[in-house]
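Coming up is one lone chain in structure tokens, specifically the form predicted on its own.
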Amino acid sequence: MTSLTRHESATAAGADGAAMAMRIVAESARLLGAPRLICVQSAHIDGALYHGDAGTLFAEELVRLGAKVAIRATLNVGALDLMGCSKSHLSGARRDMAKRLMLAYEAMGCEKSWTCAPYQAGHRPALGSDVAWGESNAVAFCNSVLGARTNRYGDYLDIACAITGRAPDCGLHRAENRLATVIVDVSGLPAALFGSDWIWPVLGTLYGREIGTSIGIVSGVTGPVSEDKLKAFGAAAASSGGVGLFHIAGVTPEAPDVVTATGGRLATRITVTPAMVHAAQAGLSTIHGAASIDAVAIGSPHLSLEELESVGSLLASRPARVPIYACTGRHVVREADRTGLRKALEKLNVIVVADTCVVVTPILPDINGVLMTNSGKFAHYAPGNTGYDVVYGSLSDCIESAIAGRPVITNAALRP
């Protein structure tokens, strides 16, 4: 039984949008076995991506009832590029409903961020704070890298939490549920490996498949790890498993060491071997030995400004033979426009995609093609969502392949 405060009960008894949202949160808490609701400081909303008319009608009903977010709420990707950088093939009623959905969330006071990487667009909740975030990679990054506390809030509980400023007190909001029960030991891998970009989606994929929904800690990582690498790891782990929180010893804030992250308790140990990494890397490609590729897609999660700048550096003024779809947030696009970077990239056959990405809405040509990517998340979802076969490689591999029009794999792939 979930206990509500007098204020929460009074709100739920009303007839407006806040009442509707409070009833959703309270019933979710009951189903989850949460004893009470807790205050949350911010939200990241995944429900504005069009999956069907019901989602649009739900959001518009909240607007009709006067619902407004009570806390900071950023928006995950939608189905349309509202900045006009790229074109979606959505048309007719589906396009209209997708736009109506996006506008409804804006009408409720959500920030027009339209990115799956809000943490790189200034939305960075404090260590230990409770929030209600949706979108799997954003949840993993928020919990793991920032050390804020959120469950994996789905559509449409996320907007209900944002309207009420409340969430069920359960799961990863509770300190005892954040302790690692599995140690993933990577100390047997070459130390130089951790400095490369291609390894982190591979390790994330391997980690997610081994961990599932458990809480784990990676031990044995050497050297500094950038936010972009942690972003890639978490996105792949959340796609291949049900990971909402990961720890990396000496890297993430709740894991200065293994003992702290596990609370001193006994934990299952998984020792990662080169053979396991090789198998995970090979598994990210659905086709091997392809003679050509039809497109390159990068930016899942959305590219940071530094990653977009790296695309320009790697191209080195050489035009790509096949299009490079570079998905990023409008905060990055604005800076790229200011510096002239976007215009320079577009001359080299780079299609900047803002507000959305090529795996969640039809932007790619409708063919049974071959897509190359450096994203573990794209590699996981692209075959089913787009119909394209996938070739996985590093960012530099992707750029060289786009220039050549065929797979060019030059990274130091780990052999068993």
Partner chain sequence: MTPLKTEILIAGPAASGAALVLSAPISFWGGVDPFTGDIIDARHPDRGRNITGKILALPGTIGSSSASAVLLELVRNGLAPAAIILHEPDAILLLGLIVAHEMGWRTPIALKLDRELQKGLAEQVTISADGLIAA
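Positions refer to the first chain, counted from 1. The shown structure was predicted, so the numbers you read here are calculated from the model rather than taken from an experiment.
The discussion below concerns the form predicted in complex with the partner chain, not included here.
- Of the candidate stretches 36 to 44, 349 to 357, 364 to 372, 55 to 63, only 55 to 63 has residues with heavy atoms within 4.5 Å of the partner chain in the predicted bound form.
- Checking Leu395, Val408, Ile24, Ile403 for any heavy atom within 4.5 Å of the partner chain in the predicted bound form turns up a single hit: Ile24.
- Though the partner chain is absent from this view, in the predicted bound form it lies within 4.5 Å of a heavy atom of just one residue from Ile248, Leu157, Val202, Cys110, which is Leu157.
- Although the partner is absent here, Lys68 sits far enough away that none of its heavy atoms falls within 4.5 Å of the partner chain in the predicted bound form.
- In the predicted bound form, at least one heavy atom of Met20 sits within 4.5 Å of the partner chain.
- The partner chain is not shown here, and in the predicted bound form it never comes within 4.5 Å of any heavy atom of Lys229.
- In the predicted bound form, the partner chain sits within 4.5 Å of a heavy atom belonging to Arg94.
- In the predicted bound form, the partner chain lies within 4.5 angstroms of at least one heavy atom of each of the following residues of 30 to 53: Arg30, Leu31, Leu32, His51, Gly52, Asp53, in sequence order.
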